[in-house]
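Just one chain follows, in the form predicted on its own, and it is written as structure tokens.
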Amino acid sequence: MRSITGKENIEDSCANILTDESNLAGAWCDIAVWPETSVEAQAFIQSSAKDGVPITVSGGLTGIAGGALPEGGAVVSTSCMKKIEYEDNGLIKAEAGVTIEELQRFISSEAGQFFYPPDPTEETASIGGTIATDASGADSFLYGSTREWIQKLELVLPSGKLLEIERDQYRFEDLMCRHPDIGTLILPKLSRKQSPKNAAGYYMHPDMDLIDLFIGSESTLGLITRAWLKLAPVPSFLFDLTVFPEDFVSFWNLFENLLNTGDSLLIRAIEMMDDRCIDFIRSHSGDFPLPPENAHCALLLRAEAWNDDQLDEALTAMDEILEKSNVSSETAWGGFEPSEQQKIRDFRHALPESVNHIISEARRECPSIHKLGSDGAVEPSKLREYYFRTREILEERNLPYVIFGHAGQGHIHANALPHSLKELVLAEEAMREIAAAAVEMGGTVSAEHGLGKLKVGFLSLMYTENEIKGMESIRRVIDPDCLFSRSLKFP
């Protein structure tokens, strides 16, 4: 197991472990280790627990909320844990350091008749990290988040105990679950149901499976070392379509018509880019396709079919919906060919990549600047209201911004683009107000990226004091000294 000790030695030889996509500055630690096996990780965590050393878990470092950035103590990186195996019947056993890109490549060569549905956007994200945040990608409209596709976990508890938790093995009954190696866990009674797509705080449902407590817990309850992932069969047909409405009236008509298609169109994903996104892409052109000249905004759709009849029905339904919504198909991109699908993927990825570049450039002038993006979600039927409220909050502060995201799930990202300390402060205020607006509409402050350092304070917008105390009680049963992810302190 590779290890480096000493704050200065770490900064000199592996400073990358102190940064992630959040662009937050100031992270540091006294020791960094890269275990290659679960046993090595267990031994180190066991030793750290005896000495009271805080642990921060690090994976692919693709997080945008700063959850993997340490404030002293030790960092345990899973990036060297790369073993992956195919177990029959559409089940993959993968260690925590395997990236989404590596997983997809392995599936393609060893289990080509299957695919991994969560498909988080960031291909360099680690499996462990995506489980820790219950990550989701575009296809989660149909297939759900990472949680739906986890059969079993191997993890190291903060005490150093190595154990496996399998789905349908332990459940909460009347808000209580007893586990021989963990203890008795009691869920707080919630004043309202958690949102269907939610990554804020612990997953809490009265009769839930124990494994779901660890999924999305942001490494506050232990280190995930290995996971058994369920796969889904590849459909007969998969087609992507990007249309470019010429005004918002047409866009919202199209969006709402798509939500009400019924079974005639088996939709995997509905995503959006607003007018500022289109302008932003045009002004920051790179090696990616540019939108048509008259495009005002964009709606990206992916759908599947399992036979010829279903495909014909889907294509007919799509034509009817476009015509009904007054959206032209002449400027649309799309098709069944991998080249067309790649074009849309490149276009989709171009926006966040360009945003990251702008933030990096701004940091050269003002090192305190970091990425600021909302992660709230509401019921899809309320998305139009939530979208325009989000715009209003940003424009009241005269902030540059773009808004895009998983529209089909009522989940959008408003990315503020501050260029000064004054704008940074205004953007932080705006993010909190946008999060509060989502909660007021019955939604969540975080739907897929977790809270991390940046948004853990938003938890009190969404939960009562007693509910947060209940989460803290669960945490203290598993980690009495709060050694894991100490920077993620519940408010």
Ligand SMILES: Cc1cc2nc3c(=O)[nH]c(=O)nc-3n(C[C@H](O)[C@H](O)[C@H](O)COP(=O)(O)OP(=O)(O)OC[C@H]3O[C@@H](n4cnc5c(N)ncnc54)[C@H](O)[C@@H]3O)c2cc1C
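Each residue number is its position in the shown sequence, starting from 1. Keep in mind that this is a model prediction, so the values were computed, not measured.
In what follows, reference is made to the form predicted together with the ligand, a form of this protein that is not presented.
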query	finding
Residue 58 within 4.5 Å of the ligand in the predicted complex, heavy atoms	yes
Non-hydrogen atom contact residue 62 with the ligand in the predicted complex at 4.5 angstroms	yes
4.5 Å heavy atom contact, residue 137 to the ligand in the predicted complex	yes
Partner proximity in the predicted complex: residue 212 to the ligand, non-hydrogen atom cutoff 4.5 Å	no
Heavy atom of each of 273, 279 and 376 within 4.5 Å of the ligand in the predicted complex	no
Contact segment among 124 to 132, 394 to 402, 157 to 165, 204 to 212, judged by heavy atoms lying within 4.5 Å of the ligand in the predicted complex	124 to 132
Listed residue (296, 284, 171, 349) with a non-hydrogen atom within 4.5 angstroms of the ligand in the predicted complex	349
Heavy atom within 4.5 Å of the ligand in the predicted complex - residue from 253, 194, 356, 328	356
Residues of stretch 203 to 226 in contact with the ligand in the predicted complex (4.5 Å, non-hydrogen atom)	218, 219, 222, 223, 224
